[in-house]
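Presented below, as structure tokens, is a lone chain in the form predicted on its own.
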């Protein structure tokens, strides 16, 4: 029989994250958006909860308790608080998950302990490219074998770039096959230009230019065996689907509560058929998107092929979050358009999901 109740452990984790979000994340949501920077205190406190480190191998300082479904629940709760902070908090996964799954012993020993230390250390993954026909599995960024190393050329965008000294994983075409390379932030030929996007104003992102960036042979993730970039894309799509559900839920709740309190002609506008039907449609679509994300996460935990389910979850969540965020602005009317209320920020963030790819991993 199919069951949808979280385990006792998952329920405890969700409740812990929710309290953290209510007390720490939500109060910083608008200030981070206005300041175009994330709260370092919130990032530090989130790291202390072990939201990413708990899923990394015990041999390198992690908790060894990895579960895609549990990570899905965490991502939803964090994004329910704020999308920029959620992606920032989970950014160590961008390095930790690929290195855990595909890194050589030397790469794991070098990179994973930094993500499990006492202080917050972000990770970064450069996969999106600034072109309309971008395909994550056919990057135009190239990695050319040259002597005892590789030379990388190309451009990336929407790369999370939080303060820290950690390297960035760059996905490039190596003899026609997408592979990831560990590139130090200070590598010669690597230029990071800060982006100013419509949404995610609180999350520092950059456009990377790689002009003859030389890395040693052991910078190739997984060594000779390489890495399964398609599997990383699947994990990224499920993670972002869960985040979209969380943000959509936040928009819906704002619209619902406002509609119950706002009166027109002596009655709450929630009693008006047009508003009531719109809110009902929002709730239906959010639940549908959540179930698709859960199904894909369940299959990941079972070790089964998940490309189809990950794509379905991603596409559904992308449409849903935009629909719900736009609906929330409509329900609030003029209030939905001004910066004193959150729906305008939600709508700006929701528009980016059409371009987001693997900005978090499960």
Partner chain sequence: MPISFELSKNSVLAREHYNKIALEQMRPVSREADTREHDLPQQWVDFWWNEGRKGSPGDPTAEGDGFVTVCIQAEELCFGDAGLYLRMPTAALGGSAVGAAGTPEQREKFMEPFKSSPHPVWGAMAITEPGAGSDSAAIESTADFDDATQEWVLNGTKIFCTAGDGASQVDGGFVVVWATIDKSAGRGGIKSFVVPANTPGMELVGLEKKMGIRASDTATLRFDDCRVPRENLLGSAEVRGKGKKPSGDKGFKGAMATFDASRPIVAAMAVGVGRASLDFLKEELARQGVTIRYDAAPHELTAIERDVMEMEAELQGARLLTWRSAQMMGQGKPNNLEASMAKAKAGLAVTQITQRAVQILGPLGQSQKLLVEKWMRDAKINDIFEGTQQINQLIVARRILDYSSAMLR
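Residue numbers count along the first chain shown, from 1. Model, not experiment: these values are computed from the prediction.
One more form of this protein exists, namely the form predicted in complex with the partner chain; it is left out here, but the text below deals with it.
- Heavy atoms of residue 307 reach within 4.5 Å of the partner chain in the model of the complex, making it an interface residue.
- The partner chain is not drawn, but in the model of the complex it has a heavy atom within 4.5 Å of residue 284.
- With a 4.5 Å cutoff on heavy atoms, residue 292 counts as touching the partner chain in the model of the complex.
- Within this chain, residue 252 lines the site of the partner chain in the model of the complex, having a heavy atom no more than 4.5 Å away.
- With the partner omitted from this view, the residue of 47, 66, 316, 60 that lies near the partner chain in the model of the complex is 316 [heavy atom within 4.5 Å].
- For the candidate set 226, 194, 268, 184, a heavy atom within 4.5 Å of the partner chain in the model of the complex is found for exactly one residue, namely 268.
- Heavy atoms within 4.5 Å of the partner chain in the model of the complex map, among the stretches 79-87, 252-260, 95-103, 202-210, onto 252-260 alone.
- The three residues 5, 133 and 298 all sit with a heavy atom within 4.5 Å of the partner chain in the model of the complex.
- Residues from 332-362 that approach the partner chain in the model of the complex with a non-hydrogen atom within 4.5 Å are limited to 354.
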